[in-house]
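Before any questions on binding or motion, here is one chain by itself as structure tokens, the form predicted on its own.
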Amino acid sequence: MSDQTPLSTNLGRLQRASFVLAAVGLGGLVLAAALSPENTEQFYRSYLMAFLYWLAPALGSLAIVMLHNMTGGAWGFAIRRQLEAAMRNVPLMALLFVPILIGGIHPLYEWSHADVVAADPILQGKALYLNRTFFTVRAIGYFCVWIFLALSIVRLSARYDRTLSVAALRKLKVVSGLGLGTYVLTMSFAAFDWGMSLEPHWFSTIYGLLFVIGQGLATLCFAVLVASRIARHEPFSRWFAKSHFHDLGNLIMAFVMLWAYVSFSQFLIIWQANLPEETPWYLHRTGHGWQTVAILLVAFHFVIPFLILLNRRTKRNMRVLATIAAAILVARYVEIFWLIAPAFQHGGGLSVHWMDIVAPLSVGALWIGAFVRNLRGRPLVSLQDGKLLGQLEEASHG
């Protein structure tokens, strides 16, 4: 059934409502943080989790678009405009990271405390890397790279739409190939800096890869939700075919399996090694109530989506696939919470602060508002997409 309300009208309403909710939510968080030092510390903890969650669809969209530029496929052309609108939110995420750089480093990261470092030989050995100045420089470097890649891909894509030049297409593929490797490397180090260094005694080379995979999964789920809404309006209901959702469902299942494989590999390697500097990280996340969260993650982030997506008819049903995508997006935040929150709750049981709920909703409202603004700024479907598919296949064989 198609929606009789014009898509532009619905998008306009969503944009306005999102910005209003963002202003109210973020204003309330800042006001609460100003009332007491305890609220300030909790604000930065919740804000960091919200930031990491909403960074995923912005950077993940960049990665998926670059991957599609390299491989082609009808599924990518169906969601290309949505992903380009999402990747244009990367500058917004850079702006949202400023509060952490200005006031959040000290409340969040124990390696920023001189007295703690002076009493800890391990932190002294890592001080050359883990210090405020180098942390800030690296963060600025990450965002400069990501913004450059996002704007370059959007610009080259628009140039090809105008010219249909094979040279422009080849340049798009070259930038995408180099950019994809750069993204994986920079995002891995960003995950080490922003997440893993919350507990600087612990380390895992797989930790960054978990964030990369999670960002790809979050992006595909978000794209399915957006596409399912757009497909209810004419003439877009004729643009989105069941085969598109089938392909996206296969990709989501692949990323779900990859996430499970990498997560279990990290757990198995650390648990089998049984080293005293590594196992406490998992002990903190499998006891005092946190084991319930871990079990829910296994169930709703892997087992249930995997079993449902095995069915071909499920992946071709737009509404069912959108429901699964929404559930996985909820599970994605639960995983971020499971990764980050225990770093601040050693010795205590599982607890959820109201800021842990309001922060992602408020940052998300701002993100959605900016995304809708970007989406409305360009045609949702390029007339050249079919030609681009053919040219991309020719270029890959040439």
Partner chain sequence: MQQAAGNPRDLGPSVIGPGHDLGSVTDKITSIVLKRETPRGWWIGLGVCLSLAGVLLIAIVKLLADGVGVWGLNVPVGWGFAIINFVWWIGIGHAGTLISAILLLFRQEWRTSINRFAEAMTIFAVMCAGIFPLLHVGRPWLAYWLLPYPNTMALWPQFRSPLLWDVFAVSTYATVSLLFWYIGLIPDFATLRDRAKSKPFKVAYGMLALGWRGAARHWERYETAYLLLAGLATPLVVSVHTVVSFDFAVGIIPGWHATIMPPYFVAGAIYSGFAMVMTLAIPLRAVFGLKDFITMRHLQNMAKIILATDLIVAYGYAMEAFFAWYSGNKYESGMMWGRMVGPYWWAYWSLMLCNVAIPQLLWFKRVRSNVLVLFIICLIVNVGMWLERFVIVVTSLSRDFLPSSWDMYAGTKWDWMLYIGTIGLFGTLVFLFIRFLPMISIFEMRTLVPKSEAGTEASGFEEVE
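Keep in mind it's a predicted model, so treat the numbers as computed, not measured. Numbering follows the first chain given and starts at 1.
Unshown form predicted together with its partner chain; subsequent notes refer to it.
Relative to its partner chain in the model of the complex, residues Asn69, Gly177 and Ser197 are all within 4.5 Å by at least one heavy atom. Of the candidate stretches 286-294, 225-233, 204-212, 85-93, only 204-212 has residues with heavy atoms within 4.5 Å of its partner chain in the model of the complex. Between its partner chain and the residues Gly73, Pro280, Gly141, Pro107, the one pair within 4.5 Å by heavy atoms in the model of the complex involves Gly73. Only one of His113, Lys242, Lys126, Arg159 comes within 4.5 Å of its partner chain in the model of the complex through a heavy atom, and that residue is Lys126.
Within 4.5 Å of any heavy atom of its partner chain in the model of the complex lies no heavy atom of Thr133. The closest non-hydrogen atom of Phe77 lies within 4.5 Å of its partner chain in the model of the complex. Taking the partner from the other structure, its partner chain in the model of the complex has no heavy atom within 4.5 Å of any heavy atom of Arg155. Taking non-hydrogen atoms only, Phe300 never approaches its partner chain to within 4.5 angstroms in the model of the complex.
Within 4.5 angstroms of its partner chain in the model of the complex, the stretch 180-202 places a non-hydrogen atom from each of Val184, Leu185, Ser188, Phe189, Phe192, Met196, Ser197, Pro200, Trp202, taken in sequence order.
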